[in-house]
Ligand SMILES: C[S@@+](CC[C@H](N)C(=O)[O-])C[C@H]1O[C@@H](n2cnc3c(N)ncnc32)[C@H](O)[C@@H]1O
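Take a look at this single chain in structure tokens; it is the form predicted alone.
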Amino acid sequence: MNQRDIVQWIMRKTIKENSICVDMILGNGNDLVYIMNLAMNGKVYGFDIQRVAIQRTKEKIKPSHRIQLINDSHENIDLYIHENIDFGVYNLGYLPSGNRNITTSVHSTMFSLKVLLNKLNHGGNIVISTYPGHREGYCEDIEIKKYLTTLNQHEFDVLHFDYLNRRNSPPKVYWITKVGKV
């Protein structure tokens, strides 16, 4: 089972037909497409700072009133999303087949994560994939793990998926659930 399998399994288990979801980093749009197919009657937001990521995503979807692609940083989530969220996903790092010098950053990721946790409905979920194989990804992974360990266990459940026997800094997955009434 690879990182993508884990994330998609969590998506299938947690996203409902009417869920309000956000893809915090579109990349090539694969997560957003997967989410759209699960939240068939829900609303889906997608963020990316790179126009090429927005374009690649648009090529994979049909225009819909329930999908909003946002060419801005996820740290500005409050400017665009004024409702609570049922599901959020981060696939951190750099754009596949893109400029590897343009990466997500610790500052914007941590800021947006704190905002998203506050917007999360009870029973809502966030999945984060980190890639510690490059400098910024390593820093993000450390800060995310450190922060998630401080979350109140009566408010959030946090799981961490890590390959223990793989070399070359494999990706890691964090799964956060806001506990309480659904």
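Position 1 is the first residue in the sequence shown; the rest follow in order. As the structure is a computational prediction, the values presented were derived from the model and not from experiment.
The same protein also has a form predicted together with the ligand, omitted here; what follows describes it.
Proximity to the ligand in the model of the complex, single hit among L113, I128, V44, L26 (heavy atom within 4.5 Å): For this set of options, the contacting one is L26.
Contact test in the model of the complex: I35 vs the ligand, heavy atoms, 4.5 Å: Heavy-atom contact with the ligand at 4.5 Å: absent for I35.
At 4.5 Å between heavy atoms, is I77 in contact with the ligand in the model of the complex? Looking in the model of the complex, residue contacts with the ligand do not include I77, since no heavy atom lies within 4.5 Å.
*asked:* in the model of the complex, is there a heavy atom of the ligand that lies within 4.5 Å of any heavy atom of N121, even though the partner is absent here?
replied: N121: no contact with the ligand in the model of the complex.
Any non-hydrogen atom of I49 within 4.5 angstroms of the ligand in the model of the complex | Yes, contact at 4.5 Å.
Practice problem: Verify the flagged residues D31, S73 and L92 against the ligand in the model of the complex: is each one within 4.5 Å by a non-hydrogen atom? | Solution: Heavy-atom distance to the ligand in the model of the complex: all three under 4.5 Å.
*Segment assignment from 35-43, 50-58, 113-121, 147-155: heavy atom within 4.5 Å of the ligand in the model of the complex*: Answer to the contact question: 50-58.
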